[in-house]
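Read the single chain below, which is given as structure tokens and is the form predicted on its own.
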């Protein structure tokens, strides 16, 4: 008798009409076969899915060029289909589930004709973790099958784990004909189902990633009492060998991967990598917050990645491993058959083709690599991988760090006064947009906890959920804000960033362990000058002051914009958030001169 899983696969096959169905087992031999199929049999237009790269310089590496209209997450075509529009909230595009399914059935009818349907059984999280979830994705392209093997724990044992259960996570994906007008990514949270057509790009097609691990999982977490977050997980080891675990929320292309694999500029300090993108946070039996990384790979932005910015990433990409490494939409050096992107070390090669396969020269004014070009690589290649990565329990979190890209306004680092104040800090977080999403670069948008594109339900309820999680914790993590991106009057970054960010992480760890005091401002607590390690930095006192400058008038404008954002959620915005907002607004209104006098960097005072 067929299991619920087998019946579901059969039903989707009747709709999509593939030539054949192949059940993946996640083995190394299978990965090699899928690569071969992608090089010899499957194409996008007349371009093979995979091209082998220089195996001496880039072991087990392959190149993929996506359809030119299909290079980023398409948020305007991404829907969250709760039965009630209010549950989806103004932060999501909404369509009624019945209407969405009718639309997707029409688009998916026969969409896999002439192709193979790959059945991908995978686990998000370690199979032995009580926090992990068993999933199935169907797809009709080898690129997605190989990518999902890198990014998740794929194995035929997952089929046994699902057994006769009906509540497994389901994903149906087809590239269709890549028509942007027929491209949709639909989420059905109550059914644990994602249905995607028309795109082969990572965030739209690797359904275990943003689609399930954040949009569906955030709804599951809301119902089950945990958090699915767009966060790095890392361990910070001090000179005595003590490791403090933290999570960091940053919008895409704001340095998450660089931070997750940071090479410390401070002697005696090390950073251990547990994840570069997603954290599932559960209240442990000890009352602490515990984090697992549901993924098993790294899906990073290529441009700007170099031995200077992220040496550990370069080592990861060049490591010899039985998992393939994929490069998508970078340029290619035709002399050496190697990937190339802006910011990579060394001279610009003489003979390059760009991400669309066209001959490139420096006078063209165009980029060789697409700004959102990517690499997909196993986290097991990473030289800084934490020994706790595969711990089914996860790691205990002592600090949550929230940030964004702000060229002005926001200080380098601020500690919230308490959990409630920290949730407000996260709720008002804004960031200047990047190329990781399909909209204009450089615009400011609110992006609470870096989750605006990924929260699978009303964000007002999401803030309430965060507040409720805090009430369950007997040892809540401290919550911090960071901003590496302030610029001076000439538009140059004031803070050196990259490996020097360990200096900020050190202060955060010192605060967690009560080793240093901090100075109070209406925004939160900032470092005393002597407690932020700046020895050896080529940065003046004036520039350090710029990093912590708080302009009351600019902040009053910021709060007006924040209020407009929070008002979208009506009565669902918790009263506690408005309390914190009111407190800050009152201090800005009533104590402007006192406020401005209090924030000169280096003044004494503490908490």
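None of these values were measured; they are calculated from a predicted model. Residue numbers count along the first chain shown, from 1.
Omitted here: the form predicted in complex with a small molecule. The next part is about that form.
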Report summary line: Per contact check vs the small molecule in the predicted complex (non-hydrogen atom within 4.5 angstroms), the hit among 127-135, 351-359, 533-541, 202-210 is 202-210
Query raised in the report: Is residue 73 one of the residues lying within 4.5 Å of the small molecule in the predicted complex, judged by heavy atom distances?
Result: yes
Query raised in the report: Can residue 140 be called a contact residue for the small molecule in the predicted complex at 4.5 Å between heavy atoms?
Result: no
Query raised in the report: Does residue 82 reach the small molecule in the predicted complex, with heavy atoms at most 4.5 Å apart?
Result: no
**Report entry** Residue contact check: residue 277 to the small molecule in the predicted complex, 4.5 Å heavy atom
**Finding:** yes
**Report entry** Heavy atom within 4.5 Å of the small molecule in the predicted complex - the one residue of 108, 431, 252, 330 that qualifies
**Finding:** 252
Report task. Only one of 219, 454, 272, 480 comes within 4.5 Å of the small molecule in the predicted complex by heavy atoms, so just point that one out. Result -> 454
**Report entry** Complete contact of 101, 168 and 192 with the small molecule in the predicted complex (any heavy atom, 4.5 Å)
**Finding:** no
